[in-house]
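Here's a solo chain for you in structure tokens, the form predicted alone.
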Amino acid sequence: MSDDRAKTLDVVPAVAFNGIAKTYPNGTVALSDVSFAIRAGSIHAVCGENGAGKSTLMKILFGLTEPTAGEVLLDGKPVSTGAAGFAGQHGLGMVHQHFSLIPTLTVTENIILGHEPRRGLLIDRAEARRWVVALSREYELAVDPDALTGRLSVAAQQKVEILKALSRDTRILILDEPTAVLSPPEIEELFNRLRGLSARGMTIIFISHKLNEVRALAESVTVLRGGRLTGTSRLADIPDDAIMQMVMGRAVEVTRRVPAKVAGDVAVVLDGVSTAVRDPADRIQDISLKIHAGEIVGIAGVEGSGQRGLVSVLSGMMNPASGRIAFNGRDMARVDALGWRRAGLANLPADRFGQGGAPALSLAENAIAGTDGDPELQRGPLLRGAAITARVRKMIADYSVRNSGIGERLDSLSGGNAQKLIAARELATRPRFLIADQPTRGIDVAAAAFLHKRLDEAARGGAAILLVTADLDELLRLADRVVVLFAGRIVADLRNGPELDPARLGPFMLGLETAS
């Protein structure tokens, strides 16, 4: 790079938003007069609640939607983001929160998809492989070019996503909640790679709800609230509470549960439970575990270590191949999902739209799902409309679900508001056993704090709770005990306390240490 070019990049921002506004045809105002700039070669964080406008702004930058007003400038020049092929032409890459890889294709096939090297009419597979190997070496992101993507760990899949984003001469990289499914060592490895890319001149935009990660990685931060800019600052110049005030517009009470000293009666028992399946995410081996009434047991582990299998056998979605499962003294090893619910289980599943609710149905229909036979809501075969409306409105008010009416579709809500509605429905049953599987993944600080408080209240009310989460800060705030899974086995069962931190859990999660 020439000295003149370097000086220009140092003065002219890589990205600038000037008066960006976005109003959708239904009248929803997603963004209003947003203006800020991002220094070339920096790592810039964008924070805000769900629905604050972060994703809309990034879609505008990436060329997926056009602003209603305002302009985007790249290197000081206005650009038309709606032009065909805009992102590729201007060197923009994006790694979405939910991976877009095709599991049945190899790493090479996923990375070259859409811009395959050709020899005549045929794809030049040898050249494609050589190119992917060279790309992997250039960015120090080691991957097996021939591996089937669906068989890779989540951390390895994320490397593939980043390489795919970098495969078109990318100079501006957008990452949306990239650490949601990674262990502490994997997060540190990712951050080191991103710092290396930044040092080479790449501009990185990092979207996250985790303030500790923003501080660890970014140089500066922009905060959006309600579609408006509430501030942009160098992180060295602003304290955490000021950032939270910009994000929320108010102070947020963070629940930190005091571990229960005296546990209640044993509610859930697993004794030598194993599954006979091929998928490692569903495979558990010789699991023995007790959960007491009023206790929150947290499950830690790298994604795919058996968490899904554990949740499945404890919710009736899958029967174990061997071992004993009991719930309040009743044998549950062959009981189906409906039987578990009737016995007192409530479930906050990891996939809030795919499993927790029906996206195309209304808020009211989702809120009363599973209440068949409730005499307050049903008279014979007929539903009592006024009673249903009253109950749903109370649930929405109690859980602060932002909505435009109980008749709107579930998938019209932000992730945090959809999760709060599902939690309201599940906790309304006053469960004796609650499974909370990634309950706050991808939702904002306020929604997460709200759900943490509800989980703590449920435990104090006597519910046995299994908390499965990739967020170790969440785990350590809420759990009485932390059980670590590795390769489908329990490798540690640790009492929570001041000495337990993510660094202590990391070696267990990676199978480098065992305490069982």
Partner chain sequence: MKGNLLAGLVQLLVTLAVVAAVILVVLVPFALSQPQPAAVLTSFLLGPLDSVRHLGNVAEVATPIAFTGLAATVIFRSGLFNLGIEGGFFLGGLAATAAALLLPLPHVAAPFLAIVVGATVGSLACIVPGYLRIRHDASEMVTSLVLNFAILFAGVFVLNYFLRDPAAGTLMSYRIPADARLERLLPSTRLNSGAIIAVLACLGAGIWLFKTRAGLNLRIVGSSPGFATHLGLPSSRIVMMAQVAGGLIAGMAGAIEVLGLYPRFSWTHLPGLGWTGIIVAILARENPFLILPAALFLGYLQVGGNILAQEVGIPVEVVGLITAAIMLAVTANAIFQHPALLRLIRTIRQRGEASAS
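Values in this document were obtained by computation on a predicted structure and should not be read as measured data. Positions refer to the first chain, counted from 1.
FYI, the form predicted in complex with the partner chain isn't displayed, but the following is about it.
Discussion item. For the three residues 337, 361 and 408, which mark the spot I'm curious about, does each lie within 4.5 Å of the partner chain in the predicted bound form through at least one heavy atom?
Written reply: Yes, each of 337, 361 and 408 comes within 4.5 Å of the partner chain in the predicted bound form.
Fill in: Exercise: residue 131 in contact with the partner chain in the predicted bound form, heavy atom 4.5 Å
Judged by the heavy-atom cut-off of 4.5 Å, residue 131 is well away from the partner chain in the predicted bound form.
Worksheet entry | 4.5 Å heavy atom contact, residue 404 to the partner chain in the predicted bound form | Output for residue 404 is yes: heavy atoms within 4.5 Å of the partner chain.
Worksheet item: So in the predicted bound form, does any heavy atom of residue 124 sit within 4.5 Å of the partner chain?
Response: Residue 124 lies outside the contact set for the partner chain.
Discussion item. Please tell me whether any heavy atom belonging to residue 368 falls inside 4.5 Å of a heavy atom of the partner chain, as the geometry stands in the predicted bound form.
Written reply: Yes.
Worksheet entry | Candidate from 279, 265, 372, 146 lying within 4.5 Å of the partner chain in the predicted bound form - any heavy atom | By the 4.5 Å criterion, the partner-contacting residue is 372.
Practice prompt. Heavy atom within 4.5 Å of the partner chain in the predicted bound form: which of 103, 78, 354, 85 fits that? Just give me the one.
Written response: For this set of options, the contacting one is 354.
Worksheet item: Looking at 238-246, 345-353, 136-144, 105-113, which lies within 4.5 angstroms of the partner chain in the predicted bound form, counting heavy atoms?
Response: Of the stretches listed, the one contacting the partner is 345-353.
Item to complete: Could you run down 385-399 and flag each residue that has a heavy atom within 4.5 Å of the partner chain in the predicted bound form?
Response: The stretch touches the partner through 393 alone.
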